[in-house]
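Before any questions on how it binds or moves, here is one chain, the form predicted alone, in structure tokens.
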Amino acid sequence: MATLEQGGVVDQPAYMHPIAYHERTKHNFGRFAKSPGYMDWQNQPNPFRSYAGCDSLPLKFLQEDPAADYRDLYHRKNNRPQPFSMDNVAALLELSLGLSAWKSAAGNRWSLRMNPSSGNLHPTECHLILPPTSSSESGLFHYNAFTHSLELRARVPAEVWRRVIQHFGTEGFLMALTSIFWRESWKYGERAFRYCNHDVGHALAAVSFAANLQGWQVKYLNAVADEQTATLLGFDRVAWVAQEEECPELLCFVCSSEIEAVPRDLSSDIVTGFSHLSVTGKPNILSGERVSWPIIETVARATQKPATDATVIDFGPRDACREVVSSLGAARIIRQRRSALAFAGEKSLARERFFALLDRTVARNRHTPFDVELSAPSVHLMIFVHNVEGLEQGLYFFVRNPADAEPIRSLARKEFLWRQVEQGLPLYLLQTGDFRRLAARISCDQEIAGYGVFSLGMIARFRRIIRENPYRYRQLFWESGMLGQILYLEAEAHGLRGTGIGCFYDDPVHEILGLSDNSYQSLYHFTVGDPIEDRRLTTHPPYMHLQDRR
């Protein structure tokens, strides 16, 4: 019988595959997860996917950003729904998945995007099924971020599109996110599957924020099977290069924010209609040579989502958001988001702003980005407070779902205080003290985790969720990535900068809390502080290579 390490099928319950993968890909003080061990620059994957042989539809750039202010990133009331025109779709893509800048140094040049990615490798791709417009017929498109264009992979007959609109009962369009695991495994080896799913969450939140600025909402179609999404995207009719395939992650419906409810499934006649479409376009080759990581192939198969019952997620009544003001507009915050490389350690954050920042991570009905409705909140925040005005240095815990409060407390160290810091805010002081060195130590000895305003680890309800539904393993990382995107934007709004940290010592993190089994697991780290700008780098406009189109 083949083993998990060999990438074969193991005669054991399905949920054991993601759990075994997670255990195997943990970093510990004496051992890192398996990776190439060196940088094979000659075979670094192309960060941009394109489909040769497709008609390409160049998209317009925003001549003026939406006037929405910082608070309108999250609220819906001030963002009036816009028509589903190609120009408005282009604006959504520009502000979510498009380029944000080019950087150069010592003769090298690389691009940055609105959505962050582990190692800036960008394994996430976007495909759209759009309605007919005055400038285009209905079709299946791939978004090419490098050229800011849509590649027409299939024409959608009017009758098939009518079925889509009849099913959802309102105007809108479909959007799918996919992953190319090789883009991450080239650098990170076996742990890459984790990072790919972080990036899906970042991209999903980025799309939700940008859609809100158009007066639209994004709803996750949680009943749809990955196989059905693959059929819609024509992936069963694509000649893929081995290791460079795109794996369907999720399918969403984008509609007006004024719509109260939409179906979360697809009818069989819609899927059948797309199965008959003639799909064109040959995916570009990303690397000259590729390395197979069988464990990633195994966990990807084991966590494929089957068709399930449609579910509407109700986050329940929540108190109004804590409101603070930022001098920056919503689009400005999105465009200037960057990952800090180092912190000066000089700035602090006011207590009320810190509380407001945490409050943004609480899932609320009709508030972006969590009203895409992935699931009930499963991820909580273990926080090292280093430099927040009016708050003691120490270890804190932010409970994002009250249902987990008692289970976590019963598993944690008995000596913790669990003192609520502020009425109405589920933030608890566990232990006072200077945790800067420990925060850096557990984040793979990266100083940036210890010398900012605060850093945190995302602690997810784990074993029970995966035992019940193995595909939820991916979704836990999506939720973590969505939290990361909020933290990135919040940092910018408050005059700071954030950095997502995928490298951390897993079990030593759990030991800090006193967790001795896998009921809860750490999935992602993040840190916020005042950045030190690298003066060796030169910043260039995001689409300087397309100046003629600008």
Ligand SMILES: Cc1cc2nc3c(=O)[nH]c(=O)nc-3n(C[C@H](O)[C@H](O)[C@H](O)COP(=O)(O)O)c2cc1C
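Everything numeric here is computed off the predicted structure, so don't read it as measured data. We number the residues from 1 along the sequence you see.
This protein has a second form, the form predicted in complex with the ligand, left out of what is shown; the following refers to that one.
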property	result
In the predicted bound form, the residue from Thr231, Ser326, Asn222, Ser118 that sits within 4.5 Å of the ligand by heavy atoms	Ser118
Region of this chain that lies against the ligand in the predicted bound form, out of 197 to 205, 83 to 91, 354 to 362, 412 to 420 [heavy atom, 4.5 Å]	197 to 205
4.5 angstroms heavy atom contact with the ligand in the predicted bound form for His148	no
Partner contact for Val160 in the predicted bound form: the ligand, 4.5 angstroms, heavy atom	no
Touches the ligand in the predicted bound form: Thr178 (any heavy atom, 4.5 Å)	no
4.5 angstroms heavy atom contact with the ligand in the predicted bound form for Val388	no
Interface residues of 482 to 521 toward the ligand, as seen in the predicted bound form [heavy atoms, 4.5 Å]	Tyr488, Thr499, Gly500, Ile501, Gly502, Cys503
